[in-house]
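Given next, in structure tokens, is a single chain: the form predicted alone.
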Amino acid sequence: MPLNWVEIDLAALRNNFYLAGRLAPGSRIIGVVKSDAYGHGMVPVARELEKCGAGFLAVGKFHEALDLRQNGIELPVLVLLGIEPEDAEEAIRLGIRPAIFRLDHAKMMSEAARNLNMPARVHVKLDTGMGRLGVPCGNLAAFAEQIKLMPGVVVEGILSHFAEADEADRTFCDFQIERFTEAIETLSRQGLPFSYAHISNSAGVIGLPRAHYHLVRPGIMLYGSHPSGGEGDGVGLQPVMSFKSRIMQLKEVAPGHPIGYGRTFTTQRQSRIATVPVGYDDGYFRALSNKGRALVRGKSAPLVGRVSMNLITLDMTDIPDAREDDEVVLLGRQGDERIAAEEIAGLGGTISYEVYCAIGKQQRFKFFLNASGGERPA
């Protein structure tokens, strides 16, 4: 029996995937599984998305794409951060598509394609205002002219990324959409054909239907969180991840007894204190010290004292039927109560993305299908 573990509800993942499909009808879905599927386990999640009918998968780095291929996943894979020269030939052999934003990277793909006598399929990344990776809009025409001269390079797609699609004010999104549309027209005028244009992340899928184009790239919404950070998303997303542990020790403590490092909490009454084997080594934020909570027997128990590397302490005084080895839910649902990633993020001063990634790094997963979701909508 593990001390703590992560449960991944694949039926909830299916629900969220099909929801993305309903919100973006006519567009194919790129399932974003970078960073170990936001901490949810990249390979099992990718397998489920493949079954659901995803058109592509997207990862951040080449080694992630390689892991997918080594585990038998055959969908086209887009590497959002591009690839290095030593990986070019293997990428072509495996049908892995790099995002291209530098001419020297395009040239290396061309050379590898000629060496293998195989096409190198790439997606050109355009900077429409994010200010990170991407060909500057003003340089696109010259970039496209150079790409046209490179034998073996097939521009399969063009992509960009929204900077503020999760904000209420969509003015800058409109600006980016206009730039992206102009870029599509530029490539068309220059005779550089491509099959796919895509710019919409989860926020774009939900709130910007005019920007769905040929493909959409849902990420955080696949895992059950709204990109704007609100718990009541009004969309129908279902949380995919739960984080659980158990009570390792339960003891009676007299009033005036300090708890944990620094004695930051002192009991004010006769108390029952549960020690739970989870800490910041397991991705549970230290910032939750004296602020977080957990669920035991369907009731909320406050976290008291500091979060240490491997242990936390909960005040169980108001849950008198709690016992040692009882399940403790740190993220997820138990009975009618639920602790959402957004709640943890708010207490920790961060976002749900970081909550999932931090917890998921511990890699003690249980994957299952429940009976509450995952059916393809009519």
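Given the structure is predicted, the values throughout are model-derived calculations rather than measurements. The first residue of the sequence shown is number 1, and the count goes up from there.
The same protein also has a form predicted together with a small molecule, omitted here; what follows describes it.
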| item | value |
| --- | --- |
| Listed residue (R69, R338, R47, K34) with a non-hydrogen atom within 4.5 angstroms of the small molecule in the predicted bound form | K34 |
| R114, K148, R132, R263 - the one with a heavy atom within 4.5 Å of the small molecule in the predicted bound form | R132 |
| Proximity of G82 to the small molecule in the predicted bound form, heavy atoms at 4.5 Å | no |
| Residue contact check: Y38 to the small molecule in the predicted bound form, 4.5 Å heavy atom | yes |
| Touches the small molecule in the predicted bound form: N201 (any heavy atom, 4.5 Å) | yes |
| 4.5 angstroms heavy atom contact with the small molecule in the predicted bound form for G219 | yes |
| Per-stretch contact check against the small molecule in the predicted bound form, the hit in 201-209, 252-260, 266-274, 299-307 (non-hydrogen atom, 4.5 angstroms) | 201-209 |
